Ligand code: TMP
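The data below hold one chain only, encoded as structure tokens and taken in the form predicted alone.
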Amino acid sequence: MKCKITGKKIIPFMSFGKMPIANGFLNKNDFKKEFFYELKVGFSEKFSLFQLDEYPSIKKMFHKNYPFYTSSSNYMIKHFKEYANWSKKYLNSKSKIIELGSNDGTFLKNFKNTNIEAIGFEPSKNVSDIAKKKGIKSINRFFNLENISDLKDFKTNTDLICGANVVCHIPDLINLFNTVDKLLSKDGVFVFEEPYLGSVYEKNSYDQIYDEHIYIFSGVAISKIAAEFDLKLIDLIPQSTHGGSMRYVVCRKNSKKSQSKNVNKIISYEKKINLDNSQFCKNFKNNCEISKKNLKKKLIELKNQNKKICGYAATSKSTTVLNYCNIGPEIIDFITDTTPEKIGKYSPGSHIPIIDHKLFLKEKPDVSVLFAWNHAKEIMNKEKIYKFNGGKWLTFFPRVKVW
């Protein structure tokens, strides 16, 4: 593996084994031709950057039938409304906004009835088309230097370039930051939220590691990367989304914007737990192996008690858990989900059937493995009847627990 910025070789410190496309839900007749790669991770000492060794082509991951809609979660709708309101402190009535990975327009719709000119870049056609139907200007292309030639009005004139859970998907960080440089106004900001390495390490939430998450960032990593492109990190704002994310605020190096106290505070903490160097990697690997052993042991124990076990939500994160822990339909009977593109198909690699969530209570599972653990609060409010009828939940971060 080579560092995506320096090009220098990095030796992976851990492998999660053979892994399919995280969102590659498939039909039974496609099992034999399913794509697999080895999910290995490494760490760049120079940039304190946690990254995948290899990953599938971007077009295999983001395509015309991408099975994820931001607006399917009320929690995320609320989060993006708050995100939009927060970002207004960097805008004026005539500002221009570009969102990376704009999905179905959940964030940008908050600027619809204003004079702000907002556009989104969304490479997956199905969700881009939904945004267009909502009246959002959605460009069905990847965000890079090659695809911004027709955005003349936005060049050096964009006050906010933003994204959420998308920068970690982009392999070529050099192209990304050079594209931002072409578009960002003199005092503009580049703001992005991503799964946070500090949270992944502390919770041992290794399910955040899958093909789309090419990087897991930290404050110290973004500070170092930004400096390479004459940019500076001015704020770090922890988020609860995705089980622990960080909002990064970056601007031009010569901007008069001052740095928040949060930056030094959080980076100091990261250095204390060795996220700025590879010392934490050995502990992380050991913790993953212990978690794998404990989860498999508990599920086998429940199955031996003739418990009916289901998975709750066919998330992309669950692909890592199921394949790393070697859990298939002999242990988990089915997974329930609300996404039409997933229902009637099978989970990637592990080939567990996905059924309509409307059948969740009817099927009466004894134990439900909460794959969407980062939405636990929302789900608990929604599924009170299941618990009332004696159903049990199984969670696995930060430890395996049945309750």
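Quantities reported herein were computed from a predicted structural model and do not represent experimental measurements. Start at 1 with the first residue shown and count on from there.
There is another form of the same protein, the form predicted in complex with the ligand; it is not shown, and what comes next is about it.
- Contact with the ligand, judged by heavy atoms within 4.5 Å in the predicted bound form, is confined among 308-316, 173-181, 244-252, 138-146 to 308-316.
- Taken together, S72, T338 and K342 are fully in contact with the ligand in the predicted bound form: each brings a heavy atom within 4.5 Å.
- Residue contact check for M14: none of its heavy atoms lie within 4.5 Å of the ligand in the predicted bound form.
- Although the partner is absent here, K382 sits close enough that one of its heavy atoms falls within 4.5 Å of the ligand in the predicted bound form.
- In the predicted bound form, at least one heavy atom of H375 sits within 4.5 Å of a heavy atom of the ligand.
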